[in-house]
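First, one chain by itself: the form predicted alone, in structure tokens.
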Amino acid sequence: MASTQARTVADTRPDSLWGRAPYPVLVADLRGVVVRCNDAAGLILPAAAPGASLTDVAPAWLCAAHTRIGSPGPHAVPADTEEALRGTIAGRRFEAHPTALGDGSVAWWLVDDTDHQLAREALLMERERTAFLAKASNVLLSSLNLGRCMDVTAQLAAESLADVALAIAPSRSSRLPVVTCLRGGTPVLADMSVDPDDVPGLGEALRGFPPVPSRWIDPAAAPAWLVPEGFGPVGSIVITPLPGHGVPAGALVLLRKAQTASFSSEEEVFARLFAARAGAAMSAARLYAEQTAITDVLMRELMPPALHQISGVDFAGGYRPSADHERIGGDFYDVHPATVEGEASLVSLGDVCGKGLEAAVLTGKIRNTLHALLPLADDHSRMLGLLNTALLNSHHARFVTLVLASARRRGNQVDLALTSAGHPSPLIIRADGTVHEADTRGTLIGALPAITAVTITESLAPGESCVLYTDGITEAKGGPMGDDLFGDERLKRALAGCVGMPAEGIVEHVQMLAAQWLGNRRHDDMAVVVISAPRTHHLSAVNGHTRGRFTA
């Protein structure tokens, strides 16, 4: 930095020493007359010579500084002197360092600071660009919504790179999604029926090819749809691809007005750096949207169905996964309505070993296999044997416990055929309030080459119910001490108080009691299905001619 106070020294140096000084030196007296100057000063100030007026040979900023330093009084050197001691000479940037000599004259040492200034400006620009890219990355990656990413891309580019920016996604059929944003404005989305190949470099960018240099693009040839209304003549255009994860994410178009400086090569490179971040964010958003759509389709198939009355029999079901943030797990249930009036509807409820998505995938396979075996629904043992073979021949190293129930309306009562394969036995709620286990048992499915299963029959009078459940309910740990099992007996006592309740009420009551018992503690998947014989004598019936698996 230049000194804000001239040093006073005796001028005892001969002219030869001034001439050999490493910097340009110009000496002027109090009247502003050049006293002497060395050869280096003569190179940058050709008119400088002894006896010449400083105002005639030196730039204005140097003359003003000389006047201030030579003025008497306490304010001879103002607070802004440091800024005044910098300026340009013949297009170069100089610092002027004053030295007051003994005779009252001032020697000005001129230091060429051009390279240092350029380096400082380049460093500052690099810091600003790095900060911009960091901000852009944070903002872009904060959302996995594709539309939001396109809006942010166009808005950030318009704020810092161009007068207007367009974020263009790959075409959908014959339409091109385009987000346009003017500097200081808000992004606007439009689906345009345009041909991107009409713009040099745009079609290539959308296909992921390297960008075309802006000097190859004629701004006057820009089609009307590319230029916002009222924008005026286009001075320069930059088109760069938005690279994605293996598939191009789109293209970024930057426009500057005719009265604005054209894009430099450095600015084009910087635009590509920004486009790389924007493309990665847009690609991630697109992949997320695709995965979400796929997941939703799979979820609809894996989620337990909603149940209601079928063929004069009331059905209700409830499911709670082991983790609150999940929607599926290893427990499942289905109701397959009878395809012929008078036949039985098949209920299946099972518990796959394990939790989460892997267990849910296996439940999907089991449910589909049982659906394919519906023609054998009258023979539970054969169905379970074929399911066991299918699981043994699959790559899954998991097993499942399962209970099957065939329910057929006969007069005012419901006849049941119940078969358990390693699963907790169904509970029967009688009209007098007693609860007993159905005497069915068998081996689990998918673990042994051959299985055994015992099928028993039960009948439900009006108002009586059969409860199928998974061990996630009875093995739920909680209560006052926090580690007591809910248990079979507590479940039976709870069901004894549900006499006459509709099927949905029983499901809700069991789920509420289990939730209260657990509190916020961890738990296994829990599923419950209730089959009831309605109390009313007049029952509406569904004819059963729906597709195999019942869904809401």
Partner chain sequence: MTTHPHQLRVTTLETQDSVRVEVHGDLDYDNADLLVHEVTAQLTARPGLTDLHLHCAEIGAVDSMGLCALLMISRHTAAAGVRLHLDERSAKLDRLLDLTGTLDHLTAPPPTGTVRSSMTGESTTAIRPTEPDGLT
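Every value quoted in this text rests on a predicted model; they were computed, and no experiment measured them. Residue numbers count along the first chain shown, from 1.
Missing here is the form predicted in complex with its partner chain; even so, the following discussion is about that form.
Discussion item. Please pick out the stretch from 337-345, 420-428, 365-373, 253-261 that is in contact with its partner chain in the predicted complex, where contact means heavy atoms within 4.5 Å.
Written reply: Selected range: 420-428.
Discussion item. Looking at Arg277, Arg398, His97, Arg286 here, can you tell me which has any non-hydrogen atom within 4.5 angstroms of its partner chain in the predicted complex?
Written reply: Partner contact (heavy atom, 4.5 Å) among the options: Arg398.
Worksheet entry | Listed residue that, although its partner chain is not shown, lies within 4.5 Å of it in the predicted complex (heavy atoms), from Arg408, Arg441, Arg86, Arg272 | Flagged contact: Arg441.
Worksheet item: Heavy atoms within 4.5 Å of its partner chain in the predicted complex: does Pro449 have any?
Response: Close contact exists here: in the predicted complex, Pro449 approaches its partner chain to within 4.5 Å, heavy atoms only.
Worksheet entry | Partner proximity in the predicted complex: Ile473 to its partner chain, non-hydrogen atom cutoff 4.5 Å | The answer is no: Ile473 has no heavy atom within 4.5 Å of its partner chain.
Worksheet item: Would Val352 count as touching its partner chain in the predicted complex under a 4.5 Å heavy atom rule?
Response: Output for Val352 is yes: heavy atoms within 4.5 Å of its partner chain.
Discussion item. Can you tell me whether Arg31 touches its partner chain? I mean in the predicted complex, with a 4.5 angstroms heavy atom cut-off.
Written reply: Because no heavy atom of Arg31 falls inside 4.5 Å of its partner chain in the predicted complex, the answer is no.
Worksheet item: Mind listing which residues of 464-481 have a heavy atom within 4.5 Å of its partner chain in the predicted complex?
Response: Sequence-ordered list has one entry, Lys477.
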